[in-house]
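So this first bit is one chain, no partners, the form predicted on its own, shown in structure tokens.
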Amino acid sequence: MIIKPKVRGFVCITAHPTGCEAHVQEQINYIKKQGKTQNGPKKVLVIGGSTGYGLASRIAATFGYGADTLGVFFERPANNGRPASAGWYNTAAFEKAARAEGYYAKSVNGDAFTDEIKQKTITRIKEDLGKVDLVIYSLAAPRRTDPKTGEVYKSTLKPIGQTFDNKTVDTDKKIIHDIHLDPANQEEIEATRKVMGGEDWELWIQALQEADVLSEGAQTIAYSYIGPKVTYPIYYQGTIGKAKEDLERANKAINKALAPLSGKAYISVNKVVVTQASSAIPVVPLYTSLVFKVMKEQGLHEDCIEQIHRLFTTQLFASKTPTLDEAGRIRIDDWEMRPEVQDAVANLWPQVTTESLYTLSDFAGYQANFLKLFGFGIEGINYDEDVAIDIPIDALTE
């Protein structure tokens, strides 16, 4: 099958298996170039491990520390002549590369919010790994079904207490336009907390601990984002911000729960990167394009794999204890939040228009990164070539 990118708004509905494999291999090569160390995790569970920071975590753990990894995600296999999702192809490529070097790499494919997938994951840990010493929570989903009540919650991207007016970029039409968002009601705030807060992270750790599959001294880390002041009304101070507050509540609760194991729980606030989820948030694609330009000019730009490598080597598995901010979080967004970076972005913000989008920002880089998520635009790949789309992975399913 010959596969081309088909983009609908902020969603790409096709993925290229060979391109995804090349993208995964690029990340593997980066970690290998940094060298391997023994002072790190050996058996790792990554919840949300097929794309973005979760995938980068599997790669960094395996090829940087020699770890065996089990991934949990919800991805679509190829079906009826339709290519699989990018996360499926990413996982197939990662498994192939990991096993070629003698590492364990298997997965559980299904809704991570359910009790069923938690139990299937625990069964696979018991059978294959015994116990895990690191649990990474990198789940991003627009909705969640409460496993106890069966109620479905949908997250909302809205301000709280006041309307929000600003400008953003239409990534499909490539134009700058104004946006207006009305404030969220209490029901929307609570639904967003249920989907994107810390409740499911807590349930995962509780289930793993009760099943006795966490090693002595086990660590768990959840990935988060705060962002710049320009996005505060709809992010840090908006509905997602309330969910992030709940994540911090859960972090404290999990730390207490892990005390008998001498374990630790952390939140890592990471840098903005291009993901399908972030592309849907108003203002964020425009901010991302601007901050990419500034950080590249200042030699500070990082993508997921560079961020996770720095998180692992300078914080989680360094000789010293992690450096935490006043709220108890690890800040790997520290380069993005440097005053000289944020001041430069703030200076560009009022100047950027549709006409100057490609000169004042790195929107071209943003677009290239977006397509790369789905295996397109990779150097050396012939996209006019017929490719097999039915690529297997070793995954238990629902």
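Note that residue numbering follows the sequence shown and begins at 1. Computed from a prediction, not measured in an experiment: that's the story for all the values here.
Just so you know, the form predicted in complex with a small molecule exists too; it's not on screen, but the next bit is about it.
A.B. asks: With heavy atoms only and a cut-off of 4.5 Å, decide whether residue 48 touches the small molecule in the predicted bound form.
C.D. replies: It does: once the small molecule is placed as it appears in the predicted bound form, residue 48 has a heavy atom within 4.5 Å of it.
A.B. asks: Residue 270 near the small molecule in the predicted bound form, any heavy atom under 4.5 Å?
C.D. replies: Result yes; residue 270 sits at the interface with the small molecule in the predicted bound form.
A.B. asks: Since only the chain is shown here, I'm wondering whether residue 164 would be in contact with the small molecule in the predicted bound form (any heavy atom pair within 4.5 Å).
C.D. replies: Contact with the small molecule, no.
A.B. asks: Would you classify residue 138 as touching the small molecule in the predicted bound form, given a 4.5 Å non-hydrogen atom cut-off?
C.D. replies: Contact check for residue 138: yes, within 4.5 Å of the small molecule in the predicted bound form.
A.B. asks: Among 315, 275, 155, 171, which has at least one heavy atom within 4.5 Å of the small molecule in the predicted bound form?
C.D. replies: Residue within 4.5 Å of the partner: 275.
A.B. asks: With the small molecule left out here, work out from 183-191, 109-117, 257-265, 93-101 which stretch has heavy atoms within 4.5 Å of it in the predicted bound form.
C.D. replies: Contact criterion met by 109-117 only.
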